[in-house]
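Take a look at the structure tokens below, where one protein chain is shown in two forms, each on its own, as structure 1 and structure 2.
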Structure 1
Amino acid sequence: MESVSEDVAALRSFNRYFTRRIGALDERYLGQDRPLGEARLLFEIAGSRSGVPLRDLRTRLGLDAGYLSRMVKALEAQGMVRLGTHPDDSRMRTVEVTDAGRAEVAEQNRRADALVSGLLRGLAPDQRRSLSDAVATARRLLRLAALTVVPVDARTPDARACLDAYAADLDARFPEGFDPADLVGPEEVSGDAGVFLVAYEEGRPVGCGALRRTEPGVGEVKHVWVHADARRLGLARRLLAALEAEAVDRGLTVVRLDTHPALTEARAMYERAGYTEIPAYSDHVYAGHWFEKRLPRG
């Protein structure tokens, strides 16, 4: 476990360096024309679809209602945003950026770009490339680390949202389409029968996976899905590992799964995760390949 504390030290030391040297840049350029809070708010409004309810901004930025109200009013007075009333619920107010506001955001972005590109000028092209790669890797792994995978009831809205998106994805990818009736029922993946896992990123569901018991000692992995925004992080691998851990907890010794011939990356992923292809164990309509993995005893 020595290595963990080394990794912790590496990340903390990077954090100190980065926030002090680079992160500070942001505050400097953002804060020059208006209060930082106001600038951040303007960015958030400009980055949202037009007509965001104040309520959404409040939860997203974690602001006090009174504080937000005042800041929005200040931005309105400066001509940066326009306020309106929500069409469905006239208690709610909506806000959208004006052209002037958009111009200011663009200007700030230009300044930030200039600052960063000034920094990068000190590097040779190959070094710039390495830096980009390194930060991309760091970001990918930090995102993956910050994801949480938790069991939820398959009837909850988050679970339904994942399954719907999963079904839509498959429908687009399978030449023959996909019938949502093929999805497992909530009762098959709850209690003793199985489990349904949802992966969350900053509160948003971005992936799922199900495990259901098929016969004594044998489980089946179903519906491993990852949102397009969260792909290439290694989330599928993590969901799979979490499902296997659940299987071990339930005393299962084997997990199986099937997959459609169109999903070649999925097949490669299962093989990397220790699954071996086996003969058909079912006549599942969308299956073209069947896999199995023996689990260690819990």
Structure 2
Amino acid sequence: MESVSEDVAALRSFNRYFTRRIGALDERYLGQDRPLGEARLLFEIAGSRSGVPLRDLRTRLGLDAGYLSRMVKALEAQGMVRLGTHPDDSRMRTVEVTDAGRAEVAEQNRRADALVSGLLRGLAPDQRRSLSDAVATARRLLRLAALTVVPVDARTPDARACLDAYAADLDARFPEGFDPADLVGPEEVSGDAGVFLVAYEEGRPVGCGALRRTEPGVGEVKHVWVHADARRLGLARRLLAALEAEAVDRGLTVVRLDTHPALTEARAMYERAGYTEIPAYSDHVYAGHWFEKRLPRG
């Protein structure tokens, strides 16, 4: 058998233990008339106030279209959900919970709460807090691990949406406001000139960053931004590392960046990432601090 790292072995061992403890392997999850997959799908459908498109459920739950279709039909046969079409697009199939399905989800939640309460009963209050903190940390790190960071054309809708949100955030935080005309142009961050990265979570853009070549061997990091829903995961640091890797691949040995005095958390992140504050290298109107980092040769 191929050897695996301790990290992989530890996570797999925990998965086996936890799925057994919560009854995920039972054909009748929580003692109801369906396995965990159908129970989770019913929970997601019940969370929508109106019909939810099947394609949204596929994306949200990461399900194969055929498998999702079979589970929806099973729930429909049980009287838990009903199928329909989107009011604005008759080609889009939707599904919504019935009154019976909503009552079933309420009972499912009651049983799930009782199960978890039973799991926690043997722990002291400080141990419960430790467990809750550990679960929060695990969820944060697994979310970060599941994010993808990819180069995109800066003219694409996802890239422009990230830049628009970045500009809006800065406009709200800078005392003098922010002029979107200061954003990099697509030609500055494409081809040999540079690169534009977008971070995705389950198909949704949640962050971005850019690198542009400013002189031989030197690049500049621009517009590192993270959506509010994805902050405190470590995504900004991951974007910064990805931009540094792009710089190395392009033969750059130095990356620089500047930041506004109001962005104290950004300055702290750059320092933790190994950047050193240097004298001003540009007359950028929004800059109050300038940083530089030497990179290893590729």
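Note that the coordinates shown come from a computational prediction; the quantities given were computed from them, not determined experimentally. Throughout, rigid core stands for the largest set of C-alpha atoms superposing within 1.5 Å between the two forms. Each residue is numbered by where it sits in the sequence of structure 1, with counting from 1.
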item: Correct structure when looking for the form predicted together with the DNA; value: 1
item: Threshold 2 Å Cα movement between the two structures at G185, rigid core reference; value: no
item: G251 C-alpha relocation of at least 2 Å between the two structures, rigid core basis; value: no
item: Did D99 shift 2 Å or more between the two structures, C-alpha, core superposed; value: yes
item: Per-residue CA shift, G84 (Å; core superposed between the two structures); value: 9.4
item: Core-fitted comparison between the two structures - CA shift at L54, Å; value: 6.6
